[in-house]
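Just the one chain here, laid out as structure tokens, in the form predicted on its own.
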Amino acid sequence: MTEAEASPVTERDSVEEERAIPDVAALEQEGEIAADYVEGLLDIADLDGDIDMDVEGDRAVVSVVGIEGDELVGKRGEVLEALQELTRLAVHRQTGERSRLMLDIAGYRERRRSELTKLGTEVAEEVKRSGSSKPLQPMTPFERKIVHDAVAASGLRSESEGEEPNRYVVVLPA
């Protein structure tokens, strides 16, 4: 038996393992590109704000802090979502790689994360008491993920249903 035959690790396994470990240098490069792009947008809009960059898990995070007003966030984060997609496209254009970059403006995503975690926990408790499933309002993929995580932490299951942009979470009884 050759060494290759004896080894249970396949080439596919090693490629998948490489993907599982984030390339921090590449994520930092994404953050730099994104920060430059967002800074250019702020200059064009004549808005003041500082830009922070970080790597969280397997994604670059760029935050605009110290900015007044919510015109860059928009109703229910719609403008922020659009700016994030434009920023991801700018990163893709320079790197050739799909980006999972997250953009935050004035702490909106962190506040929203807190609100949705609380909502997911409260709805899970309500479903536990009633024994009936409960659908929630349509949400973005970012928002649904937070609710799914909060429901799972409460010991229940949830599923996403519907079609974008009206996709929503349904919390299911045990």
Partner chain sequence: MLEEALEHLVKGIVEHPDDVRVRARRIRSGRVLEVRVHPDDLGKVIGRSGRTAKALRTVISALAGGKYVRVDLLDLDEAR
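Source: prediction; values computed, not measured. Positions refer to the first chain, counted from 1.
Beyond the structure shown, there is the form predicted together with its partner chain, which is absent from this document and is the topic of what follows.
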Within 4.5 angstroms, counting heavy atoms, which one of the listed stretches 122 to 130, 144 to 152, 58 to 66, 41 to 49 is next to its partner chain in the model of the complex? 41 to 49
State yes or no: in the model of the complex, is some non-hydrogen atom of E97 no more than 4.5 angstroms from a non-hydrogen atom of its partner chain? no
In the model of the complex, does Y37 have a heavy atom within 4.5 Å of its partner chain? yes
Classify L101 as contacting or not contacting its partner chain in the model of the complex by the rule of any non-hydrogen atom within 4.5 angstroms, answering yes or no. no
Would you give me the residues of 78 to 108 that have any heavy atom within 4.5 Å of its partner chain in the model of the complex, in order from first to last? E78, V79, A82, L83, E85, L86, L89, A90, R93
